[in-house]
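Heads up, the chain below is alone and in the form predicted on its own; it's given as structure tokens.
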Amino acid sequence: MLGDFVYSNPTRLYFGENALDGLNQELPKYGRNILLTYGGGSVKKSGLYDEIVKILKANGKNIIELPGVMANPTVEKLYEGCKLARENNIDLILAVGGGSVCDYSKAVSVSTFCDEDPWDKYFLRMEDVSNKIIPVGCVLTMVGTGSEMNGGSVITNHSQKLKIGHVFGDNVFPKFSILNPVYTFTVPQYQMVAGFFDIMCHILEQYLSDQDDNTSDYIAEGLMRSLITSSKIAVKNPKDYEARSNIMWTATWALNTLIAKGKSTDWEVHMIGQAVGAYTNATHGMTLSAVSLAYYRTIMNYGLKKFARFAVNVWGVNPEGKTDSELANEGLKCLENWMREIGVVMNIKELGVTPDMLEGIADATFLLGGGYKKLTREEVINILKESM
């Protein structure tokens, strides 16, 4: 393990088929006014909305609803939520949905009492929170982002063609999250597998960096093996409880900061994928799957030993008589085969990217230095071309 670090995670998790009972334990801790955020009509069709409203009312809560949170929450929607939260003196934001609703709710929580434009302060200048924060709780219906147990929030500004994530400190983490795997059963197949790749990408962004013998990497390898096994089951039977529960738990631990401890992390796939999303409004996990292979082939030789370890320890490739380069390439081929098996998008053209967008997407990509190589703008353009 390299360097010094502090680990803290304040989010209380309620997991399992009776997890929603946890709301009755949490709600008495907060004031009367609850901002209920959710996306489209799926939470109402499933009956979850009615269950939650019943619990809120039984606890004497005043419910202010904020529906219509989109898959890639916009800055305009953020301003709408802040206005509603201020006008109603909100005591708790309860997010019901997937990662986008959780991300969005955290953005509202830090932005409502911000004394300047929160887009400028938090997403352009990346400043810390210096104002009152409204606490957030989550009821998760789709897995992938890990937003239920971290401080991350991603907002899209279409006018500026930017999609930016800010990872806030543990003061912004949800205070509690309800995780019932059954709530994920009705997620459409496309969104389900997009979430699966989002999980894999989160782990890879933290795993494919550094070469030291790091405990965090052993945890990451176990999480990836679990995801691979359970995802193959889930695509064939989305209502397999064991598979979906394993995936839900893996998603949470993939991005609750644990496996990033004692090492550097990359996140360049996310930077390229988010830039693609800013131009196309495509599903987040699919923007990642569409650019990942081209990116990893670009940086592979700079972290060859780790890519070889990935092949052996995650995919079970036999190392006998093979060079690190041969192993690394086999590992990426195994990753590609798995991606095709679960059915994720394999190129950005399918997401609506056209050749005339490539320069702009490259300009919108933040170049980070945590991985094996810091990309140049030209390399980003080449990765995008290879991903077409």
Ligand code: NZQ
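Residues carry their position along the shown sequence, with the first being 1. If you're wondering where the values come from, they're calculated on a predicted model, not measured in any experiment.
This next part talks about the form predicted in complex with this ligand, which is not shown.
Considering this ligand in the predicted bound form, which of Leu78, Val276, Ala234, Leu255 comes within 4.5 Å of it through any heavy atom?
-> Checked against the cut-off, the match is Leu255.
Sole residue of Ser289, Thr250, Ser109, Ser153 within 4.5 Å of this ligand in the predicted bound form, by heavy atom = Contact check passes for Ser153.
Determine whether any heavy atom of Tyr183 comes within 4.5 Å of a heavy atom of this ligand in the predicted bound form, and answer yes or no.
-> Answer yes; at least one heavy atom of Tyr183 falls within 4.5 Å of this ligand in the predicted bound form.
Please check if Asp103 has a heavy atom lying within 4.5 Å of any heavy atom of this ligand in the predicted bound form.
-> The answer is yes: Asp103 has a heavy atom within 4.5 Å of this ligand.
Might Val69 be said to contact this ligand in the predicted bound form, defining contact as any heavy atom within 4.5 Å?
-> Contact check for Val69: yes, within 4.5 Å of this ligand in the predicted bound form.
Does the 4.5 Å heavy atom contact test between Leu204 and this ligand in the predicted bound form come out positive?
-> Contact with this ligand, no.
Contact stretch among 318-326, 36-44, 56-64, 340-348 - heavy atom within 4.5 Å of this ligand in the predicted bound form | Only one stretch passes the 4.5 Å heavy-atom test: 36-44.
Does anything in 186-223 come within 4.5 Å of this ligand in the predicted bound form by heavy atoms, and if so which residues, in order?
-> The stretch 186-223, when checked against this ligand in the predicted bound form, contributes Thr186, Val187, Pro188, Gln191, Asp198, His202 at the 4.5 Å heavy-atom cut-off.
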